[in-house]
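Given as structure tokens, the chain that follows is alone and in the form predicted on its own.
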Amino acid sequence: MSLQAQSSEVVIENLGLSFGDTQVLKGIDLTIKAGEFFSFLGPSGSGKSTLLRAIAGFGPEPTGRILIGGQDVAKLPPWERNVGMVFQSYALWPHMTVAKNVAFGLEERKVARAQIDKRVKQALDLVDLADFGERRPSQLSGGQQQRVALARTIIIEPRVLLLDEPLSNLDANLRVQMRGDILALQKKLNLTTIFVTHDQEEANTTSVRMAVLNHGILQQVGAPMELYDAPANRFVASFLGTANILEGEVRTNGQLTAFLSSGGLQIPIRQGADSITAIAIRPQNISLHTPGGGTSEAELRFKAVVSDIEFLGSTLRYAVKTGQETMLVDHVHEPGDRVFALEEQVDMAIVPDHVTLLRG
């Protein structure tokens, strides 16, 4: 017998959850496809871990429905949902060997000893720990402990794998390695996986789709690149990467419709955008030039002064002041490139097609 996943779809309908008088989740509607690697992303207190735990069955009983493989599990206890959860702390039994930790879920289910031994071996093989069965968790590295927690979870053949910030206790290099290992394992098992993280890079590199939450409200759902390039509102624009958010209003003068920022920057936009109250421009979509240089027809040029410079390794990040606005501008760093100086006068160039219009 080999380990296998049931690859179940997860459907969340009008889900609400409160701790006493505090409403933490507010009308969540979401469908996660069978076999999909999906992430919940948001700042601390956004409700992402609470939503994951609601799917697992931990915490107060929610309102609304949680369907796994078509079955409403919202009122079922955790042990009747057949989902597997990997916690941030790994939650391994320190007095048990690795093999006993991995076998625990099957022993609780009264599976025959011969089947337990066979499936423990298969699970440890899957996470490259075949020779570590007799060790204790304290004898393992953080990454190895994380793989034990994964093996213990997948051995019960869950319908859904839930990962609650599982990489946050690892150093930067090991996090990169482990997220690759988790993704490879998920693809091998074709297991519906929901990953909670506050780290945008982790979400971007692992997820087919992701949901951004803030204050218990679902802000936007989509592929990572889609959310980055076309954020639904100013929160998503500012949370996913760095963005220059300019407040202002749309004005029409004859044939020209433009966004006028509160700091005096005027940028032509398409007509029919009267409800726009802000725009977002990514720093890499702005360029700086020596004053008086050639201008592309697609560009708008604004006089600016360099007010700050940060060297970020692969990127030089400038802060420039134009009118009453301060804008961040990223230039790819290459040895020998021209570097603008503090207080230097420059031309700032923006292509209107790279401006994102925001309604909320």
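Computed from a predicted model, the values in this text were never measured in an experiment. Numbers for residues come from their place in the sequence shown, where the first is 1.
Beyond the structure shown, there is the form predicted in complex with a small molecule, which is absent from this document and is the topic of what follows.
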Using a 4.5 Å heavy atom cut-off, which residue among Lys100, His198, Arg136, Arg234 comes into contact with the small molecule in the predicted complex? His198
Students should find that, of Gly27, Pro291, Gly323, Gly45, the residue having a non-hydrogen atom no more than 4.5 angstroms from the small molecule in the predicted complex is Gly45
If we define contact as a non-hydrogen atom of the residue within 4.5 angstroms of the partner, is Glu165 a contact of the small molecule in the predicted complex? yes
Although the small molecule is absent from this view, report whether Ser39 comes within 4.5 Å of it in the predicted complex, heavy atoms only. no
Which of these stretches, 48-56, 29-37, 312-320, 331-339, has heavy atoms within 4.5 Å of the small molecule in the predicted complex? 48-56
